[in-house]
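This document starts with one chain, in the form predicted on its own, laid out as structure tokens.
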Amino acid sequence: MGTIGELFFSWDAVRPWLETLFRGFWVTIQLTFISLVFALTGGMILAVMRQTRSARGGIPRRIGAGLVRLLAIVYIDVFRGLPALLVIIILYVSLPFTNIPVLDTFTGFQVGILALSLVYAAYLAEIFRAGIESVERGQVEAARSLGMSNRQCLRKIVLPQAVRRVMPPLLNEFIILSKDTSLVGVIAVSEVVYVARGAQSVDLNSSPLTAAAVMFLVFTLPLIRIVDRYIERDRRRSGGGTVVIR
């Protein structure tokens, strides 16, 4: 037991690396929130694109709406089907050779944000789409009968309800995203897991990895409780019951 304690829970092994670990965790937090902003924006745009249809305006307009919808479907299917780690590696090794202004000078940190944003936009798009489709069609028809345009109806009626209904899965994706930031360590971004692995390899002690795990738990456990409380409140509001085991 003493050996396990020394190997995984040694304060003496963590203390020299503590400041570096906190700096790494700050990088993790930045990766999480910046990627989330871009992924939420992209996911919402993709969800709206996937719902694009045109019942009027002739054949050209219908073809244009169909192409917009097809582009969204292809994007979502591709990035949901690819491992995030593979996307990170492809972008990191390929962008410097694209000769695309700005993109060809991206740092590892920026590549990590780009890759995570691209992947999670696809997942969030499906969550938003589910929320949009859950809004009763009667509400849309009522809004249209009051003289609202399609855009006004989408902005004022559909999207506010859709976002509220999908808050628990959105928060779950946020939690998963915060953990997936550790993947960018493969391109030498100094997030907390990368730093902890470096410390472990130097001292041959896993306590820095335990410290990184504790940092993640301190960050994610409150979010998990928020999701649980939100689901419970929604269940009570909708009159759902509980399962009693005797």
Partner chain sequence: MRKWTRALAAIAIAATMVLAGCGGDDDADAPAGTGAETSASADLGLKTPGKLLVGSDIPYAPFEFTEPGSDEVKGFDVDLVKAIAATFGVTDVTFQRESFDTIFSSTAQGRFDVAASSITITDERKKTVAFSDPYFEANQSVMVRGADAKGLDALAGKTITPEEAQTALKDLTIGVQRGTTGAELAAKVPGAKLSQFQIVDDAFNALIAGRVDVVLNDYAISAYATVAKPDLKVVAKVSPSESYGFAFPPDNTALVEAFNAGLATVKADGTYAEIYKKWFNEEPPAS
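Small disclaimer: the values here were computed from a predicted structure and weren't measured. Numbering follows the first chain given and starts at 1.
Here the subject shifts to the form predicted together with its partner chain, a form of this protein not shown in this document.
In the predicted complex, no residue of the candidate spot (F38, I45 and F174) has a heavy atom lying within 4.5 Å of its partner chain. Stretch 89-97 is the contacting one of 116-124, 142-150, 89-97, 75-83, since its residues have non-hydrogen atoms within 4.5 Å of its partner chain in the predicted complex. Out of the listed residues R62, R197, K179, R69, R197 is the one that sits within 4.5 Å of its partner chain in the predicted complex by at least one heavy atom. Proximity of R237 to its partner chain in the predicted complex: non-hydrogen atoms within 4.5 Å are absent; the residue sits far from the partner. Within 4.5 Å of any heavy atom of its partner chain in the predicted complex lies no heavy atom of I29. Proximity of R229 to its partner chain in the predicted complex falls within the 4.5 Å heavy atom cutoff. Not displayed here, its partner chain is kept clear of I34 by more than 4.5 Å at the level of heavy atoms in the predicted complex. With contact defined as any non-hydrogen atom lying within 4.5 angstroms of its partner chain in the predicted complex, the contacting residues in 208-230 are L221, R225, R229, given in sequence order.
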